[in-house]
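The chain below stands alone and is given as structure tokens, in the form predicted alone.
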């Protein structure tokens, strides 16, 4: 890069702010432009579940790196609570059962500390979780959870503290030749600003931003839903650990200060990021609560609120991360797993922008993520939306 390079990042979510933080630590002049407030998009509506239960590379490596960094940040004041992550399959769900067993074996080969559990093991280790109808379960103990809004606000403060500029309530358009940000109508940005590198990390809005600059990407936003509810006999949600994903019932739950956070009301159709319904569907909360209380029969879940957010899908269910045009980078298409991997994804992308020079000033083999290369697609591919939290 040039002497005293400038970088613009569009999107103040967890990924964009991690990139900003890591670049600013290297004395790069970096500015983040956000159309709303910090974490106003997908990061603020994320579940905050952070696990490393991945059975292939590079996901297993990224999951491990992300959790290590969440803990590093927690020592510096970021909100993060360690909590085991359990995923399970019910009796009779033979295809998923086979996938879970094979997946745990591959995880162990990749260095993930994953353990297979039968019904008796599950009942002994995690009594709140109903186990009499399960065929197999897996557990990783290195996982955890956080409040996505609080975490992203903390990260924004840290990024500012090391020199990044974060401009909120400033919607922008982008140009690619040369890389630049341009004011939208009525924007407080008064002029076009050319930069040495441009990062588009605007979640569901990334597709349209790039399309307006004649850069098509193979990504579709899709709607997901979640809820928070109080539980009986517990002052805090931590009593109801571990975090649980019931693949057969298609739902997950994690501890929450009010009791439990649960979700997975996925719509497998493309959504409009400006016009989608932010409220949960009628009947969603009751249906999900019944699935959760079946798996956690002692919690007596009392739903307090429910909402919808957006995730982003790609044809192969891998994200688009890296350079898509000369000095123009993208980070989107995370299938609902962007927040949990953001500490690692952001660092990898910052490394790529810095031409492979690590944050510690040494040569890096983390210069880009080949499997996530955004140029692997032309951008006009036809594909179906598939949810991210699934056992494949």
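Computed from a prediction, not measured in an experiment: that's the story for all the values here. Numbering follows the first chain given and starts at 1.
The same protein also has a form predicted in complex with a small molecule, omitted here; what follows describes it.
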property	result
Listed residue (73, 126, 154, 307) with a non-hydrogen atom within 4.5 angstroms of the small molecule in the model of the complex	307
The small molecule: the contacting residue among 81, 90, 293, 225 in the model of the complex [heavy atom, 4.5 Å]	225
Options 213-221, 170-178, 313-321, 97-105; stretch whose heavy atom lies within 4.5 Å of the small molecule in the model of the complex	170-178
The small molecule contact at residue 271 in the model of the complex, heavy atom, 4.5 Å	no
The small molecule contact at residue 138 in the model of the complex, heavy atom, 4.5 Å	no
Partner proximity in the model of the complex: residue 63 to the small molecule, non-hydrogen atom cutoff 4.5 Å	no
Residue 46, heavy atom within 4.5 angstroms of the small molecule in the model of the complex	yes
Triplet 25, 346 and 350 all within 4.5 Å of the small molecule in the model of the complex via a heavy atom	no
